[in-house]
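Before any questions on binding or motion, here is one chain by itself as structure tokens, the form predicted alone.
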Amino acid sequence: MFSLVLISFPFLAALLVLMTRKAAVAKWMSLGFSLLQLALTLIFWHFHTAGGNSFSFFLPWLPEWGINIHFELDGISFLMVLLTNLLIPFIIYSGIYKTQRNEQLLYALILFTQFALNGVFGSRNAVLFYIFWEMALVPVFFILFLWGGERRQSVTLKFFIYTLFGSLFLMIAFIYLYFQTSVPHDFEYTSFLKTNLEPCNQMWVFWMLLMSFVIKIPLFPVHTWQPDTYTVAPYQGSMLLGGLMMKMGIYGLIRWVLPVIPEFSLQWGFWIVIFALTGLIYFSVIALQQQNFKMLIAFSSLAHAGLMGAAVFSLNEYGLQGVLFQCFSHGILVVLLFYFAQLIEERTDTLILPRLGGIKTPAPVFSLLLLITILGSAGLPLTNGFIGEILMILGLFSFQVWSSILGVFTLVGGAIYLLYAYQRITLGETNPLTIGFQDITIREMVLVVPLVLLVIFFGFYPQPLLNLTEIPVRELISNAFSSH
């Protein structure tokens, strides 16, 4: 029952926020609800680590068709729910002092996105998973379309078409798998694990599932919707996309592709690793050429996604542990980066790197906190970004030595373009745009400091997150690949 409360509470909160007449009240209500949701999540974490068993819920919905309301939060699922419920309060707070149109709808949509994401990560019935998967698209589509910048109509349409095609692939694969389960057929996750498909059928189901998830991440070469979408989106939309929604695709690969179609994950893993690492190098080179800071963040996120996609198909404990840890770390770091970009644009009315510079002189605290975030994103030791990346590289080393060498390009390439951006923003001489740059305020530090402390804390002490995923990752690999 506790898992049902944890997943469904944001939906009720979204309805209450939407019905609120005053925008100012709606904003603070949404923040309060999201903080309460975070508190519930931390309580659940305590029960989980203490060995409690209150993290599963099952209720027949349409039993004659094998459709049930079935939620289960193991360590893998709960890590994603924890990330979602941790970041949503900060995403809400990032715009709470801004005046935006139709704010009741905006914050209700953010809470509804939280509800859908929790449902995606907690569902153990394929139909329920698909419903939440589609639900997550709807509020983000409206956030981009109604509050985005220039070209938002065309960019949002491109985003919608890509994700719609991915959803169609997912639906077709799930329906086919349903008819391959034992009679009476059902959509339960455990039943999908027991399907015994012919090799020719495994192949197309594998590619259907794979395409639906890599589009959402996205990985090379189905990435073209991402850079423009991240850049045109309002900052809260960019945070949702980069911090949380790309993790849906990573989670889908780990939960629904590897254990359900293990033979073809082994057979095609080599080529997927090649494509993912090719994208990593390609995106790192493009990021180095970017003059817009928000666009640079978008390509940096793509490069990190490439390493995560490759490490998923290393098919070993190091790689999967690293991917899951990096999902958590990247979510924190990308929200911070987008928030710093928001503050820079609010103060200077530009994100073009050559127009900036010298911010360190009038804003030393701002520059220091930005530097810690940049170093975390570049994977500096003793930051959270390092832990996930080193584990993924170890996983790739166990897979193929050459893949780990290419994976190191993330560390080197990321350090180059991120430190280059930092140098262009903060160092050098001030100019008319930056000479009066205001240092970070107390209001802004409320968002930045807790997340920066998490960057440092999990860099020094990653064990709580690793303990959370260790057993389910080991069981997944053992059950799916021990006989292959």
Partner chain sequence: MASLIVLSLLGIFLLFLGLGKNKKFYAPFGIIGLLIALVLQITNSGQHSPLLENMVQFDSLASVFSSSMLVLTLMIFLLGIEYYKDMPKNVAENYSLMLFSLVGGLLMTSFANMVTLFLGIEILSIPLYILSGSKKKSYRSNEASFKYFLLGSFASAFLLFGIALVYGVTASFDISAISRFCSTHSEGLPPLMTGGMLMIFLGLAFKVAAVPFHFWSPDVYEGSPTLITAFMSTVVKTAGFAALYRLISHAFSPLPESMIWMLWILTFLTLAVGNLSALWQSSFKRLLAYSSIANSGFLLLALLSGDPQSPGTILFYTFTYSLATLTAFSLFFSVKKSSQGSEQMEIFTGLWKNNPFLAIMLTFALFSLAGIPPLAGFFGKYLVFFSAIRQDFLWISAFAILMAVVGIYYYFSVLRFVFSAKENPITIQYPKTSMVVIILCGLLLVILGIFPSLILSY
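Predicted, not measured: the structure shown is a model, and the values here were computed from it. Numbering follows the first chain given and starts at 1.
Not pictured, yet referred to below: the form predicted together with the partner chain.
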Query raised in the report: Picking from 449-457, 37-45, 436-444, 63-71, which part of the chain touches the partner chain in the predicted bound form when contact means heavy atoms within 4.5 Å?
Result: 63-71
Requested in this report: Mark Phe397 yes when one of its heavy atoms lies within 4.5 Å of a heavy atom of the partner chain in the predicted bound form, and no otherwise.
Outcome: no
Report task. Considering only heavy atoms, tell me if Tyr251 and the partner chain come within 4.5 Å of each other in the predicted bound form. Result -> no
Query raised in the report: Is there a heavy atom of Ser154 no more than 4.5 Å from a heavy atom of the partner chain in the predicted bound form?
Result: yes
Report task. Using the partner position in the predicted bound form, report whether Phe90 sits within 4.5 Å of the partner chain, counting heavy atoms only. Result -> no
Report summary line: Picking from Trp207, Phe165, Trp268, Trp402, the single residue whose non-hydrogen atoms come within 4.5 angstroms of the partner chain in the predicted bound form is Phe165
Report task. Quick one: from Ile274, Val365, Met171, Leu193, grab the residue that has a heavy atom within 4.5 Å of the partner chain in the predicted bound form. Result -> Met171
**Report entry** Sequence-ordered residues of 168-201 touching the partner chain in the predicted bound form, heavy atom within 4.5 Å
**Finding:** Leu168, Phe169, Met171, Ile172, Ile175, Tyr176, Tyr178, Phe179, Phe187
